[in-house]
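Let's start with one chain on its own, the form predicted on its own, as structure tokens.
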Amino acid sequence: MAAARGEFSSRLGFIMAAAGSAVGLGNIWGFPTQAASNGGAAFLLVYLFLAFTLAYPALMAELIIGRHAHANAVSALRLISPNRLLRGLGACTGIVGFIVASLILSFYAIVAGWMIAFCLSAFSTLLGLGNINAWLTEFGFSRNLSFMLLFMCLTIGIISGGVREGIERWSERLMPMLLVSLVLLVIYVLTLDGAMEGLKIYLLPDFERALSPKLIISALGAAFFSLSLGVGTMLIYGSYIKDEENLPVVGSLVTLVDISIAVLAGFLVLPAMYVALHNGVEIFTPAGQLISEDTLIFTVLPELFATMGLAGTVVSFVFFFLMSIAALTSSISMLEVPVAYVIEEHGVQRKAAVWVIGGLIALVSVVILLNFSALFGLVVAFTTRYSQPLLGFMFCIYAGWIWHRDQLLGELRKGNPDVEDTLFWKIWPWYVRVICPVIILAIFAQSLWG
């Protein structure tokens, strides 16, 4: 069954694809701005601790279930359920998961379109095309629609190629490009005046702030969401892993790559903010709060680039090119979730499924654009703040409580016959049964009541 539906050809291919799914705009944009708003190094320390104590165990739940079933989330959760009631609940969880993944992609494509537009604006600046540059950088329906559709076409084109020729092939190309671009930008920004102040904020912790409940909850959310957990993307990618792979090892490598890129992005964004401050760009309110945290990337950073002359134009192009790649590596995993379901449950050919589902998601994006002020924030909150924690909770419940322990152990033994004697097996089963669900519910409660 696995061969017929495709699988990753190598461990590196899976790691690049899974890390690409996890490494998105949230890592390069969201994590650094959250760190800037929550004490810099204090947030970083708590985030690193929680990423391995929360995100990694939850990631393993999805990977193990997916590899065992070699199927989409709906089929996988039905397969490990012992009775009709739980099979129905599992199917509902899987269906809600691919709906949420589709909704996330509907607003993600809009934001990714902005990244591409800002990237191209660097060329228009070099060529002195003021009117085109204004259209590329100003919020408007025609620009938003055009680049959303372009981004969706790129995503659809990659997914149409399947697992090896589409997802794996392009992940192995895009992820090294992302990493090289990020490293080059970090090196350059750290040479600018003001960068060292931002670096101090990022690396010297205020341990009193590290114990703040608000900071801890924020770091919990960042750690959980940074690995694309809760909507079935990692379950789907897990279903394409070969049986002989050691899942705890490949899962830890994905977690390590994802966290490393998020931390590396902090070395870019926080110093860049203080370079902007040094150049006369306001980044804080009189009360000391970060200005426009959610739109920092489109406000403060372009103003910084504008103060740097020709070098700023080049840096602007590389930065937004980097953001576009990060968005694309995540979007292909989001689209694969509903596509895999339609192919396996309804027998639709891949290319037809990809274009129909991609088209429907693009249509939802158009509806959001036509009612942007009312719908954009609503869809973001519904999917990321409320739906993802609950879905992640359900995956942990199925892995920890519903799936028979002997079957779970048997799945892990395929890639490591001695797994029962490892530290992973001594800790992970009870951790995913008790600790992960409690922490995820804490995140959800914080989302509801602040």
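Only a predicted model underlies this, so the values are computations on that prediction, with no experimental measurement involved. Residue numbers here begin at 1 and follow the sequence given.
Heads up, the form predicted in complex with a small molecule isn't pictured, but that's what we're talking about next.
A heavy atom within 4.5 Å of the small molecule in the predicted bound form is found for one listed residue only; from T255, T233, S106, S324, this is T233. Only one of the listed residues (G39, G415, G400, G26) places a non-hydrogen atom within 4.5 angstroms of the small molecule in the predicted bound form, and that residue is G26. When the small molecule is considered in the predicted bound form, S228 lines it closely, a heavy atom lying within 4.5 Å.
Contact check for I167: every heavy atom lies farther than 4.5 Å from the small molecule in the predicted bound form. Heavy atoms of M334 reach within 4.5 Å of the small molecule in the predicted bound form, making it an interface residue. By the criterion of a heavy atom within 4.5 Å, S365 is excluded from the residues contacting the small molecule in the predicted bound form. For a residue to qualify, one of its non-hydrogen atoms must sit within 4.5 Å of the small molecule in the predicted bound form; all three of A22, S330 and Q388 qualify. Only one of 66 to 74, 419 to 427, 26 to 34, 404 to 412 places residue heavy atoms within 4.5 angstroms of the small molecule in the predicted bound form, namely 26 to 34.
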